[in-house]
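Read the single chain below, which is given as structure tokens and is the form predicted alone.
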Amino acid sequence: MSAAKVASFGFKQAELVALGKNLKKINAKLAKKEAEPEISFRKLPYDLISADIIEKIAKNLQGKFDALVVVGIGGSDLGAKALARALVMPNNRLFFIGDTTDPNSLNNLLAKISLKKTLFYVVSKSGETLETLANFIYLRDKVIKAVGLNRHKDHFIITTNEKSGKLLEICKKEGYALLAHYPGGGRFSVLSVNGLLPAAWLGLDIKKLLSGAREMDKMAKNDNWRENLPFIYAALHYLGYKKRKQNIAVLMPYLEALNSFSFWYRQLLAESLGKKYDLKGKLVSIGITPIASAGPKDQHSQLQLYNEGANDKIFTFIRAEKPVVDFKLPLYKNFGLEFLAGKSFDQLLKIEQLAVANSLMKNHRANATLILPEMNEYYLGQLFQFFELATVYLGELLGIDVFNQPGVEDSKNLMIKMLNE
């Protein structure tokens, strides 16, 4: 991503040094806001008491149910989905519904589960999310018909805020179990009960996950920008956006397990950075458009555009040094494929990623690679916290409110109005 590698489309060291002078002030500002709900995602990795409780709840539920269904949309399910699919893939114990009102999704889910042996985890911070409520109402009716009115409550746990909303009203009146939503927003909630309960249900080590996130959070408290990886990442994107019109951020993991992670990242960046006004109320219509890509498959569908189209993108690759599993190719003679003999699939994957990164560099396309030592709970926890912190830093550099989302609320209000009409 440096000018030495990608010419005028890369950063100069002096630019990074200049931006690095802002880090101490930004960290001081964030430290003062520690008690505010929006920044409370930084406390989640340190909350081991809640982790203990979640583990006990999950263990108890495992003995009663065969399947868990997360009913939510956006920040209420993307984090849990990214977490689960990164480390347990595939499985027939955890399902997701509520991110659409397409009836085919419900039909497909009902064909896979037994209502009598399924727990539904309904998540919405506001308690007013239309897609979530619609799926909940339908599934509630189906469960009542399957197990009876008195027993159906045992099949539902709800996470919402403790102040207001339809789901809170329903909990109070109907008596469903309530696990309170952490104070912050959904897109920063993956390391709260929203993501940890489904992870613990699958048997993942959620304390190891929090340990990785904690390590990354401690790194971000360093005021020396050279040792603060989330800030460096944010600064590189800021320079690309402000100085070189690189307003598209492509995340392209070379790990099948992180395909869902890319969609979590897409929401995080889009909702956090797409803003009409800055912190001073000035009209800025700002934002970096995130693209969820996947290697190597998108080498064969997107790379032509990435290499020769408009140079308005910054690319981030993710790979793991140590594979979870690997296979070696046998010798196959007489067809010119002998060079593959003895090569492993992980070798092929790494070489493909490196070749694409170098190809982009030769075409002056700024790109970076994040390398995980291996794919496990610890490094996945680091990865979640890394992107959350980098997004907050980028918002601070751009001078916008990372945590609001008025553009989303407007469409929600219109949906309700249209349905009432």
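Since the structure is predicted, the reported quantities are computational estimates derived from the model, not experimental observations. Numbering starts at 1 and runs along the sequence shown.
Separately, the form predicted together with a small molecule exists; it is not shown, and the next lines address it.
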Quiz item: Does the small molecule get within 4.5 angstroms of any non-hydrogen atom of Ser260 in the predicted bound form?
Solution: no
Quiz item: Heavy atoms within 4.5 Å of the small molecule in the predicted bound form: does Gly75 have any?
Solution: yes
Self-check item: His237: touches the small molecule in the predicted bound form, heavy atom cutoff 4.5 angstroms
Solution: no
Quiz item: Is there a heavy atom of Thr101 no more than 4.5 Å from a heavy atom of the small molecule in the predicted bound form?
Solution: no
Exercise. Report the residue, out of Ser126, Gln246, Thr118, Ser293, that has at least one non-hydrogen atom within 4.5 angstroms of the small molecule in the predicted bound form.
Key: Ser126
Quiz item: Which one, Ser105, Ser344, Gln267, Ser211, lies within 4.5 Å of the small molecule in the predicted bound form by heavy atoms?
Solution: Gln267
Quiz item: Which of these stretches, 227-235, 195-203, 118-126, 79-87, has heavy atoms within 4.5 Å of the small molecule in the predicted bound form?
Solution: 118-126
